[in-house]
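Presented below, as structure tokens, is a lone chain in the form predicted alone.
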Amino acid sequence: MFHTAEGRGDFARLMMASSLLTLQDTVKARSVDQNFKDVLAYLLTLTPPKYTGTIDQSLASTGKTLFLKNCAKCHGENEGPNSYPNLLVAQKEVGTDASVIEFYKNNQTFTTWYNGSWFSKNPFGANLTPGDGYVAPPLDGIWATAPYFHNGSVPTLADVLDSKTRPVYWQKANNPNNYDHQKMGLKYEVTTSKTDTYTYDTSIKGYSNVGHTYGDILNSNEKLAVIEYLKTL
């Protein structure tokens, strides 16, 4: 609902719609709806976890300059509550997998029902408006949110910044300490094919790791600097 910017209006009611999976009647739905404003209020109090490793502050300072020049237009400057632009980036611009967008645009049955239902009624109404892009997410706490992209197709931030290194087939490392502090993300093993159900196969429709090639213009030292800065968010 949010990374495609399809959900518009009251966020509490948009989230409350997930209760449709378990509710049997509108009486209970209205009761749940009354509580979701409190759920949203609680979520807004949460802060991202601090990075647990060491940070090279000098390198991070260089990375911040590069970030503000190359990344902040879409992801925000991280300088306060009003510095996040909440920008919807056209899919043809960012180039990431379009399957989610295509699904919502080509399957209007639920959208039409939702927009004509009680969920869209004021006060606190919400509606669904399929668009043509993805919202660039805020990056606070990004070190802890791997894998990356809206479909989880890229295991580390190093791979986000270098499209040529992204694995076609990969599996999360099967050990308790599976965080990669160097590449910033999940430790993973590259395979040459889909070996089992735990293999992420980027050749499957909807699972592609293409797009968001903005980091490719940076040299290796600049990529390291940006990653170091991202640790501070």
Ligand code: HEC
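None of the values given here were measured: they were computed from a predicted structure. Start at 1 with the first residue shown and count on from there.
Separately, the form predicted in complex with heme C exists; it is not shown, and the next lines address it.
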4.5 Å heavy atom contact with heme C in the predicted complex for all of Leu139, Val160 and Tyr214: yes
Which residue, Thr62, Asn70, Gln171, Thr202, has a heavy atom that falls within 4.5 Å of heme C in the predicted complex? Asn70
Picking from Tyr104, Tyr114, Tyr84, Phe149, the single residue whose non-hydrogen atoms come within 4.5 angstroms of heme C in the predicted complex is Phe149
Hey, in the predicted complex, does Glu77 get a heavy atom within 4.5 angstroms of heme C? no
Would Asp132 count as touching heme C in the predicted complex under a 4.5 Å heavy atom rule? no
How about Ala126: is it within 4.5 Å of heme C in the predicted complex, going by heavy atoms? no
How about Leu23 - does it come within 4.5 Å of heme C in the predicted complex, if we only consider non-hydrogen atoms? no
Considering heme C in the predicted complex, find the one stretch among 160-168, 184-192, 31-39, 52-60 with heavy atoms no farther than 4.5 Å from it. 160-168
Heavy atoms within 4.5 Å of heme C in the predicted complex is the criterion; list the residues of 84-99 that meet it. Val89, Glu93, Val94, Thr96
